[in-house]
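We begin with a single chain expressed as structure tokens, specifically the form predicted alone.
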């Protein structure tokens, strides 16, 4: 026979057991609120303020956002950023897929080759920028030295707008193609081999096997890799800051460089906050669109 006191103690114990997971999650939730939520809220608040010498003076509402979309410098930086992201991610995807297809085969030395291919990804971006600046330098760079050794002249990269932009894309491709390669190689190794073997038995060549079977099964993984790399490329800063600082002119002035100059060089904190909030919204819109396309592709 259960006594009322025993029943009450059991109910209290059950309540404590049910609440225990929430108590254990509380430190992590508080950390997320401090590290993520508060800076986001503070950035939104700052984007509606006018600052002078780093101090908020008055509220301006959405004036910073209205000014942003009528600013030719912002529109130019947005175009440069979109062009850079599209060019770099497209090349990295193609090269990463080609390397993944090649390295998916087992042969002698393949493990060493895979290790070598991912080395650029683990190098600090600032170091990569410094190294490529030494390569591109027109006075004593490696390209100039190689050209002069062949009887040519100095190679001008960083002083020419188009060449500087292409040089920045080459830097990004060199550094981040290994990431695409790693993701796609893992995707290839996770594919079922039965459809591929059946296609080979039916007489399909390597190209038909890839087009009809490998690529359709790998497409969701390719889409995820593109989304992840696009989000990361949109905020590229370190390499550009070291390599060109947005120059020559505005040829490589990505949104990250424009926001940095606006906040720290021109001391327009509220305007810079509006810019970075807009960047976040653009990335969020792209991510939501990509997720919707992935769901549609998965159900079709």
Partner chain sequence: MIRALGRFTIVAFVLALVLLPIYWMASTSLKSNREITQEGTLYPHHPSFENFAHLFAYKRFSDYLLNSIAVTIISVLVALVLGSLGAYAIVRFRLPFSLERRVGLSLLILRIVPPVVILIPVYLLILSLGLLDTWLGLIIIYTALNVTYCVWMMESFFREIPVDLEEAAMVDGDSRFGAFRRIVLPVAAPGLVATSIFAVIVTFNEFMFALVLTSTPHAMTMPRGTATLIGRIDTDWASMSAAGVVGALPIVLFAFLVQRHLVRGLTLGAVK
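Residue numbers count along the first chain shown, from 1. Here the structure is a predicted model, which means the values were calculated and not measured. Here, rigid core means the biggest group of C-alpha atoms that superpose within 1.5 Å across both forms.
One more form of this protein should be noted, the form predicted in complex with its partner chain, which is absent from this view; the next part is about it.
Although the partner is absent from this view, residue 245 contacts its partner chain in the predicted complex, with a non-hydrogen atom inside 4.5 angstroms. In the predicted complex, at least one heavy atom of residue 283 sits within 4.5 Å of its partner chain. Not displayed here, its partner chain is kept clear of residue 289 by more than 4.5 Å at the level of heavy atoms in the predicted complex.
The closest non-hydrogen atom of residue 163 lies beyond 4.5 Å of its partner chain in the predicted complex. Interface residue among 113, 211, 90, 75, judged by heavy atoms within 4.5 Å of its partner chain in the predicted complex: 113. Interface residue among 196, 117, 218, 154 relative to its partner chain in the predicted complex, by the heavy atom within 4.5 Å criterion: 117. No member of the trio 69, 86 and 251 reaches its partner chain in the predicted complex with any non-hydrogen atom inside 4.5 Å. Contact annotation for 126 to 163: residues with any non-hydrogen atom within 4.5 angstroms of its partner chain in the predicted complex are 126, 127, 130, 131, 133, 134, 135, 137, 139, 140, 141, 142, 145, 146, 149, listed in sequence order. Core-aligned CA deviation for residue 44 between the shown form and the other one: less than 2 Å. Here residue 29 counts as shifted, since its C-alpha moves by at least 2 Å between the shown form and the other one after the core is aligned.
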